[in-house]
Ligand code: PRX
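We begin with a single chain expressed as structure tokens, specifically the form predicted alone.
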């Protein structure tokens, strides 16, 4: 059980109550927890009616007759894009800015709700002209540019299903996702700006489709990088050439609330990425609710910025669907926080008067490392709320974030949720909650969380256990694409009984003596690197696919910058051992993983070893390798078939 955050938490005893002026102006009513507790399902029904437009109203809120397959608001019909666009224009807010976009190279755009609605309507007509219909899958492989948002909303508008793939993934990772979803269309760009140069994207799509067996009929290419690209006539189409001929009139029709909205692939313990399926009505209800109340959104005055890439769930829920459903004005930024200079993010906050800022602890720790003198060069006084997402934030980073970025006054909401949960599940509500550094604190109103021991019994404070969601929630995943058995086995088998189904999140947690929840990180074979989930088995498979590798084991090691870092232990085939030095082999394999999966999965270190620590049954003892990777004293080795292996590894690495 991970315990990395408990000790540091115990050393930070300060608590931060909401300021009186913040509470008095909060959008969240004081009785919200009581209302949700009195009638949890009814609370979500009221929320869905209050926050969303329904083309036809629902009469049944939750159908849990076939657990763990839930249906929320199933007999109602809704159009997700209409909720994010048209209704704001109809309400007279068409001139409100929807997106302030900043390209890394200095390009900018200011897009109102009326303009964004018009562009999405044209894109919807373009997709329809290319034969995309309700239920068809569209893969999106784009940088953080306005066309990424437009493409997602256009797919949703016509009832199709998008599968957004992070632009840092390799062609092989892209191919597996396109094939698993049987995508009909790919939307990509020639390239995107990253760290001062154009990062090619179209080439990865070409590589993914090279075997000629794909279901993809067309590739739409946004011109962003103006870099040279190969072209397949009849298949490849320039976005700008095609969309200019499209009508800006498109009527949004309602689709059933359980109509699939998107598939988003996430790492799994078996190595093969899982296609997490989310549907429309329940998902949009919870992301709109949490975006409004967790961030205390005042859409008339706030400028909101979530730094996530649209290729991750945070980008789906808190860059696209939540903010736009609530009529928010937000910032989009294409590049990295240190390009063209280390104060780039704070320059953007100052330029647009950002009031709400939501980012990952990895980024906060990297700014701490650079030093406070960088953000202090900029006027950050517009900020009134800060958020953290992706992994547990240690108390030291929490305090630095509040003091240096928030001016010593700004509340911080530390949020816990997952690709699978769809929306925030645990977080303070800033107008109501006394904040505690290092703790996500309390479930969102209408969410039921438990901490259980391995035997399924509830764990009392202050002991640690496993986090479960014990009642269905609106934005819950509806399955793994084309694999219902894996869905049940992965998420519902550990603690469920025929009488009671409980979702196991794969995270450890404990409840402190105040009743607040502290997250302790993953307890399975999934690492959390810079807030991104990576499967140890997927990386091991990539390593073993190289012809020089006989066997590999991968662990996640604590890392000051990224939370966890990938560390690999590799046995080289005997006939390859004289071909290169260990240093050369390590560099070769780090690059190979990057090519197979993406740069995000590149190991920090690859150690070449003669043997791996195994039990008598052949299981690799990864916890011992993690001890070595983190510089700890090696734990109990008595169950190993050869107890000398770890001493040999340790001596060699020293």
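Note that the coordinates shown come from a computational prediction; the quantities given were computed from them, not determined experimentally. Numbering follows the first chain given and starts at 1.
Absent from the display: the form predicted in complex with the ligand. The rest refers to it.
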170, 470, 433, 419 - the one with a heavy atom within 4.5 Å of the ligand in the predicted complex:
419
Select from the listed residues 277, 354, 145, 389 the one whose heavy atoms reach within 4.5 Å of the ligand in the predicted complex.
389
Per-stretch contact check against the ligand in the predicted complex, the hit in 313 to 321, 78 to 86, 211 to 219, 174 to 182 (non-hydrogen atom, 4.5 angstroms):
313 to 321
When the contact criterion is heavy atoms within 4.5 Å, does residue 519 count as touching the ligand in the predicted complex?
yes
Residue 415: heavy atom within 4.5 Å of the ligand in the predicted complex?
yes
Can you tell me if residue 125 lies within 4.5 angstroms of the ligand in the predicted complex, counting non-hydrogen atoms only?
no
Residue 507 versus the ligand, in the predicted complex: is there a non-hydrogen atom within 4.5 Å?
yes
Using a 4.5 Å cut-off on any heavy atom, which residues of 348 to 375 would contact the ligand in the predicted complex?
none
